[in-house]
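Coming up, as structure tokens: structure 1 and structure 2, two forms of one and the same protein chain.
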Structure 1
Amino acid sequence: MRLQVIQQRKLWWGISLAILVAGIISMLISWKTIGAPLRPSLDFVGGTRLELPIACPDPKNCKADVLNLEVIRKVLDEQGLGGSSVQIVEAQGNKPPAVSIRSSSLDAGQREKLQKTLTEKIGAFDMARSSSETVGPTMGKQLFTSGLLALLVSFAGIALYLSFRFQWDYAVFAIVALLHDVLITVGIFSILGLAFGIEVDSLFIVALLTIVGFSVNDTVVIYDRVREVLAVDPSRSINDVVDDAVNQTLGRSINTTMTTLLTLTSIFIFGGETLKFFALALIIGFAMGAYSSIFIASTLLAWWRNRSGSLVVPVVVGE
């Protein structure tokens, strides 16, 4: 079966546009309601994270039922911490169930008062296993700035390499495809933040950088095949060249993406709370990366070459 990417390019562009618009609308709503396009975690806004495991002689037989979320939130409301995020962390190995609380910055006295009140309302906690972390707003701002700078540098480096390796129009549409993948991932996480309260942390920036590297790999493979075919027969229609290039590399793209997604799905299911949403971001981004390489970057290049009438074979340094 031959995939007709050029003939159905309006369909591919329409699907991408619909997802992008939904994400942008979600980011605008999020910005208006919480002051940010995504729901930021402690890493970016600063505050205190408390993890209080319940006291249990045998962690494997402990039940998390005693950690009543309604009671915990009521205690937080009473202490002026009503906007805090509360999660129940299930037992893992020898670690008993715990309550994880993210709130505004708390000093030692406030933490002690909160722990004491929760102990009275719920029961004893294993203080030897408890953990507390406070991040200042300045550090959170630095993390965000550094992550954004890393993204911009990666985009610039990729654009420079592709301009050198191919031609400037290849580089432009590869960057458009990368922006497509990043914006869709960010937009979906904005929707998840509004619907389910999912926060993004510093690992989310790492995920975006990884997505950029993975996505451009498939795009380069397709563009390289386009260049090779044009070098052999410059008179061929660019639409036919792109269709051939996509179909010739389709099996490789699907196999690479599917094997990667299987691994990431395993991490998402079994990797625990710390890696769960990191893996989810990679799943979304890698899937969109394969989609954009096949259906967006390739069709945009063909559209531009038809529009500009350019079928010049690029000169590659070193070949």
Structure 2
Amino acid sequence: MRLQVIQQRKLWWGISLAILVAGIISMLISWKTIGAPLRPSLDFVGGTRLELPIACPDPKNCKADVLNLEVIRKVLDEQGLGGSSVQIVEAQGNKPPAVSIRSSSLDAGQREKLQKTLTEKIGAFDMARSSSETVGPTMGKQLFTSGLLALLVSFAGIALYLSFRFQWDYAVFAIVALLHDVLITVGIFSILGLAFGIEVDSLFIVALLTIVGFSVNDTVVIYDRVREVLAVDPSRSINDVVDDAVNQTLGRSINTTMTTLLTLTSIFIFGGETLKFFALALIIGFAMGAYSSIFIASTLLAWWRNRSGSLVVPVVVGE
């Protein structure tokens, strides 16, 4: 199998553009309806999330129907928490079915009162498997700004390193490919947020940064090969060189991505709630990273070098 990446570049660029545009449209719709491009979790907007699993001695025989949404909503209304969202979480592993309540920020006393009233109305909860999170409104803003800053810093760091190791145009297109991966991941999560109510939390930012660190690897390996082939025969056309480089490294690109996706899929399936969507973000990002390295970063570099002519490309000291 030999990929003609250069010849079919319009197709690859078109596919990427389509997914990007879909993501951006989704973010715009999401902005209109919920006031943010992605559905933010507690980590960003603050509030309290309480998850109370019902106590049941026999985990295989739990009666989830005691978790009556109407009763719970009534309790919330009485305590002035009418705007809260309530969800019934199905049993998972050893954890019995649970009620998950997300409300405005509650302090310890308010939480205890709510839990007490719920216990009176519904029955005992399994406190050893319960969890609660309360995040103040200032934390979210800090998380957002420091997350954005960290993304920018890592972009800059990687660009700097690549222009030092390669040449500045390599670095620019590697960054374009990275932006592509990050934007598509964000776009898909925006769509998931609209369609299934999936939220992004602080781990999502971690996932984005990890995607940045990893998916540049594929690009680097391909660029490394381009540089190597060019060094052997500088007179070859850049289109040929890039096609060769992509095909020679294709086995590695696919295998590495596959092994990483294998472990991620394993986390996605067995890893439990906290890590599920973290793994999903990484799966999307890494898959996109491999795609953009093979089809986007390479073809963009060839396109640019053709356009500008190889003579005018400035050579960085140390090359």
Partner chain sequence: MARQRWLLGFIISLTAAALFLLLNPILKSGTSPFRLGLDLQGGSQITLQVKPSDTIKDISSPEGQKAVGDVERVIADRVNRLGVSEPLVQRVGNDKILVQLAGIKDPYEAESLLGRAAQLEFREQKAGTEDKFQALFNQYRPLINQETALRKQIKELKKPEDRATLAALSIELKKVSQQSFTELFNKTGIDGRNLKEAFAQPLGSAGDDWQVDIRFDAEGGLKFADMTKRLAGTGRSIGVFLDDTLISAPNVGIEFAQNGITGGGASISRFTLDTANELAIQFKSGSLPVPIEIAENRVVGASLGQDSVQRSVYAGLGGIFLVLVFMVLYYRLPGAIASVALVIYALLNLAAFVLLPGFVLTLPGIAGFILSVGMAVDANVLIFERTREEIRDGKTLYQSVKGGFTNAFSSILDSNVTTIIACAALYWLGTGLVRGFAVTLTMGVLISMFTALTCSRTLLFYVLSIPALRKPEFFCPNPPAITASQSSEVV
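These figures come from a predicted structure and were not determined experimentally. Note that the rigid core is defined as the largest set of C-alphas that superpose within 1.5 Å between two forms. For numbering, take structure 1's sequence and count from 1.
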(request) Please let me know, 1 or 2, which structure is the form predicted alone? (result) 1
(message) How about R236 - superposed on the rigid core, does its CA move between the two structures by 2 Å or more?
(response) no
(message) Once both forms sit on the same rigid core, is the C-alpha displacement of A171 at or above 2 Å between the two structures?
(response) no
(request) Could you tell me whether the Cα atom of G213 shifts by at least 2 Å between the two structures after core superposition? (result) no
(message) Given the rigid core as reference frame, how large is the C-alpha shift of R129 between the two structures? Answer in angstrom.
(response) 4.4
(message) Once the core is aligned, what is the C-alpha displacement of D107 between the two structures? Give it in Å to one decimal.
(response) 3.8
